[in-house]
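Here's a solo chain for you in structure tokens, the form predicted on its own.
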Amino acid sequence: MIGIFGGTFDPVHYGHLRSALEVKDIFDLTELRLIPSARPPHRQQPEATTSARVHMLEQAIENQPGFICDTRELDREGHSYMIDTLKSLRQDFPKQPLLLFIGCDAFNNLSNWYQWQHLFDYAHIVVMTRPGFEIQHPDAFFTARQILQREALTQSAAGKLFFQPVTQLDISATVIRHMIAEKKSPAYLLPDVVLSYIYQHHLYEKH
């Protein structure tokens, strides 16, 4: 199975990396593709340049087997719609199960995503949940696709919905950027190699 883990990674931090590592192990993924978005349609545009975000991500995962920095969203024009990303991945992996990992907040706003119903045509969706999580808008579309046994994801290439509790570290890239702008240290919130790159290239500083 191939995992898909998207985000702006502006910058990548331990909240991203811990969840990514857990789902890779839990689902015994062949590989987990971390996909930086170029122009996310539903959130603020990244502050760091494309090349800086890619470099930070590559350095952060360099020693983690099975983690891949996948730049396909950065390499194409226009908004970073996940449906286009999944179509592209399905061409690369025509028969393997694809697991799209999203957080609770993203799931509760899924109906705002472009062609969101068709995401299930190309991948399974795994929602990484935290304690006390509740589906805000349960409906027949989701309940018809939800499975309770993780092993069922291996039996088809796409189309299922699964909820997986993970350790959710309360770390925010926005907070990290603000700390750097205010000349406060975000040490221990993100890998040292990423923090060194940020300082070296004066990212997120007030100008």
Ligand code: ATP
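Fair warning: this is a prediction, and the values are worked out from it, not measured in the lab. Throughout, we count residues from 1 along the sequence that is shown.
What follows is about the form predicted together with the ligand, which we do not show.
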query	finding
Site test, Thr30, Pro94 and Ala157 vs the ligand in the predicted bound form, non-hydrogen atom cutoff 4.5 Å	no
Partner contact for Ala173 in the predicted bound form: the ligand, 4.5 angstroms, heavy atom	yes
Any non-hydrogen atom of Ile68 within 4.5 angstroms of the ligand in the predicted bound form	no
The ligand contact at His16 in the predicted bound form, heavy atom, 4.5 Å	yes
Partner proximity in the predicted bound form: Gly3 to the ligand, non-hydrogen atom cutoff 4.5 Å	no
Which of 8-16, 193-201, 180-188, 21-29 lines the interface with the ligand in the predicted bound form (heavy atom within 4.5 Å)	8-16
Answer option from Leu99, Leu89, Ile102, Leu119, heavy atom within 4.5 Å of the ligand in the predicted bound form	Ile102
